[in-house]
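Okay, so here's just one chain, in structure tokens, the form predicted alone.
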């Protein structure tokens, strides 16, 4: 057995706890999770069935923690975890899953299948069976602080442009501010308009906020690739910065994965509760709405729909807030089929967008979103995740669909009253 394989098996073994054991024991192999997964429904590949993707972890559980498995192992009858298995399963675990959690919603036995796949990635990554793109992004996150290689000078350059264009000051490293805003690399490099929108909204609403130059990156590549130690280190950077500035709330930006990582996984990763609150930007904006601090003018006449980012809506519970905000400016809003907690994934989360090898299956999986859009025929799509926006743009272009993509935060800022 190679050292990397042994490391991977040990990592998988460490993931087996009472929850994992209960889940595998309870699975009735009904197949309902398959119909909830766009990588199965759009490809027809039976191997893409969500629970099937957890096979390496299931084999470890069975051989090490069940009587039948131990006897089978002693007799050489139990299926093994070897290099061939991990090599074959790598594309299933990383290319054909966004950790969207839709499969978990429909399981009649209550299995969190997305959690099992996440735990399976722990062993895959430890054994060296992870996509090069995701390995590179994770390495950059540790060494540079950003999965896309965005350093502080790049952020400062974007801030300089925003300040020049808007006439507003972007507060940096302000101690005692109410909010500390995080940004994903994509918002810094692809959608700097988000920073401008935040500055405008917070200025009008008289919000005390800041950006930390010590920890501004929201993305957590450690969770995406499946390395808990790295995930914890990236969370700790944010915690250290927030505690240093003594802020009351950390804001996760329009990035679904970042929200899940810092708010729900964060305290567990570092092993202690935060000294501050964590809110998604839509939660903060909706609170400002309820407090009467958002003054909106004008209505959008075009037919709008909203794409629910999986980690924000389904796994994060932020479902009503975006719709409350859209109601402020939308005159003609239509829901997608299967929206809210049962919304269909865009197909790029969970590190899939960082994995060039997965491009073909990612675009094929987009057929589900295309079908939704063909049914309601919107003039524009609103979302609240920069990763979703980029993938939606790719999918629309691939299918020759000319539908504009809008950021909810940016659109709201455009409708602020003077």
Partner chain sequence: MSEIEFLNWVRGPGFQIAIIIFVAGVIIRFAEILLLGRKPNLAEAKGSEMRGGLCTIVSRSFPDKNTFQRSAFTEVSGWIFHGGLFITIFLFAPHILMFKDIIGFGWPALPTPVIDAMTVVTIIALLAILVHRINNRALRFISTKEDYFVWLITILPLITGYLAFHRIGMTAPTLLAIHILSVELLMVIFPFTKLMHAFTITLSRWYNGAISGYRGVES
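What you are looking at is a predicted structure, and each value in this text was computed from that prediction instead of being measured. Numbering follows the first chain given and starts at 1.
Below, we refer to the form predicted in complex with the partner chain, which is not included among the displayed structures.
> Among 329, 332 and 413, does every residue place a heavy atom within 4.5 Å of the partner chain in the predicted complex?
No: no residue has a heavy atom within 4.5 Å of the partner.
> Closest heavy atom of residue 354 to the partner chain in the predicted complex, within 4.5 Å or not?
Flag for residue 354 set to no.
> Do residue 381 and the partner chain come within 4.5 Å of each other in the predicted complex, heavy atoms counted?
Answer no; every heavy atom of residue 381 is more than 4.5 Å from the partner chain in the predicted complex.
> Look up in the predicted complex whether residue 35 has a non-hydrogen atom within 4.5 angstroms of the partner chain, and give yes or no.
Within the cut-off, so yes.
> So in the predicted complex, does any heavy atom of residue 272 sit within 4.5 Å of the partner chain?
Within the cut-off, so yes.
> Partner absent here, but in the predicted complex, which of 58 to 66, 359 to 367, 345 to 353, 386 to 394 has residues with a heavy atom within 4.5 Å of the partner chain?
One stretch meets the cut-off, namely 58 to 66.
> Do any residues of 20 to 39 have a non-hydrogen atom within 4.5 angstroms of the partner chain in the predicted complex? If so, which ones, in sequence order?
In sequence order, 21, 22, 23, 25, 26, 27, 28, 29, 30, 31, 32, 34, 35 come within 4.5 Å of the partner.
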